[in-house]
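The structure tokens that follow cover one protein chain in two forms, given apart as structure 1 and structure 2.
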Structure 1
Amino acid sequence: MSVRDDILGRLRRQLGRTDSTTLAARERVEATLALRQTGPRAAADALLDRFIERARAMISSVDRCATEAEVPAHCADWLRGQGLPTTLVVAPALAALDWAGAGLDARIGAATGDDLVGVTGCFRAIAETGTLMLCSGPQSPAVNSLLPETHIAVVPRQHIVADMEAAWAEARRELSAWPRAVNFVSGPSRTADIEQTIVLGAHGPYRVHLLIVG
């Protein structure tokens, strides 16, 4: 007998399964999947304010601009203001913006270990915790928010949703195929392993800058 069948067989014995209880269990499982019951959730008002407040609490910096066309100029200002490099790797989803026009040296594609600034969009942003939801795919490589020391994310205002449940619902509705990686990012990478002292930039980005559009 395979180990798989042995383990499943032992689980069934422990549960005292018979054919009819197995059938009932299958029905319960299907019903649970179809029902998708949500647990208790917090109130979902003032999404934009709450998102900004929570994102700042997670040590992301937040800025706003009116239209997507202004994004490159904002990025350029912010990077210069922080004394950061102006060479970027930009997710293909944002390839249409005029990066060169803002004086930025942008490469479109996936980040490598040498890129210092990575730019991404986001699928949704979650107000409850100030979190970005990034779905990997041809237009949005997962590495752009991970390998560079600085991560800039463009967050369309209408993409801010209340909580993770709302984000899942929209992902089910909008995505034709489920992405390989769904990454929730809440601020820069950090650790508190040594003497419980928080240090930013453990392995991932040292800083996360959110640019809310609209």
Structure 2
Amino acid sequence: MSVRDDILGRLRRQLGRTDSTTLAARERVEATLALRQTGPRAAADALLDRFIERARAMISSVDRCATEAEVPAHCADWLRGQGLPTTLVVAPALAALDWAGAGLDARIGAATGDDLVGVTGCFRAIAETGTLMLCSGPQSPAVNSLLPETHIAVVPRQHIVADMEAAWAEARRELSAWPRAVNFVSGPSRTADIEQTIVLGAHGPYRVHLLIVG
């Protein structure tokens, strides 16, 4: 008998377990694991409001526009209002938008350490936590949300889902191949490792601005 078997055997005897009660206990555990348990979820018609509420709680700022064509102008207004640079690096997926027409100096591609503002889309946005789900790839370089001090994310309204389970379910259904990285962004990077004082920008952007389209 191994040490493990000896320990587990003594525990079973202390619990008064027999072969028949052990089988019943195992069945109860398996039934519990098989039962999908979730907490309260926002109704489908409340996903947008819930996402905005939770995103702001995560210290993200939020703006809205009616169409994707309006995205560059809203980005320009927000950057100027914050006193931030209007030079930015944009994910290739958003290259077709008229960034120059909005007065922005946009470079299409992946961010480097010199870029101060990075723009991305998002695969899904999770209403339960105000979190973005970003899938890396040639059209959506992961570094655009990680290296610059300011991250602007374009969030199509129809990409807002209730919870993490829904986001993963849509990834399994829609992605023909898994990306090299799936990143979740819940507001600016932060830490409270030192004296439990929140410090923003510790491992990534100081600011996260969400522009919801639709």
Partner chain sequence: MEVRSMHFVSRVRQRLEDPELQRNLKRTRGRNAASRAAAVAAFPDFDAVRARATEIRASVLRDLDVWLERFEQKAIERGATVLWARDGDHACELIIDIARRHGVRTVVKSKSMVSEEAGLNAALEAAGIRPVETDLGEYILQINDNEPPSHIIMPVIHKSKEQVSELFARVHGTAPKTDIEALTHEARAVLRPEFLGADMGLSGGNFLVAETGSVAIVTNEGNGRLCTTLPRVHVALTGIEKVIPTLEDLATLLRILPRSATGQAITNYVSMLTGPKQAGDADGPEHMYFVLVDGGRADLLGSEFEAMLRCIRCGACMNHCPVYQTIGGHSYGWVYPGPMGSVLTPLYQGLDKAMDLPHAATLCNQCGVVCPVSIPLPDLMRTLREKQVERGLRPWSERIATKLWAWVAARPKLYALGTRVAVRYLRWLADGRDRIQVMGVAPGWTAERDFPAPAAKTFRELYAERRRGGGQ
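C-alpha atoms forming the largest set that superposes within 1.5 Å between two forms make up the rigid core. Start at 1 and count along the sequence of structure 1; that gives the residue numbers used here. Everything quoted here is computed from the prediction, not taken from an experiment.
In this pair, structure 2 matches the form predicted on its own, whereas the other structure does not. Relative to the superposed core, D19 undergoes a Cα shift of 2 Å or more between structure 1 and structure 2. After superposing the rigid core, the Cα of G9 is displaced by 2 Å or more between structure 1 and structure 2.
Shown in the overlay between structure 1 and structure 2, fitted on the rigid core, is a CA shift at E30 of 2 Å or greater.
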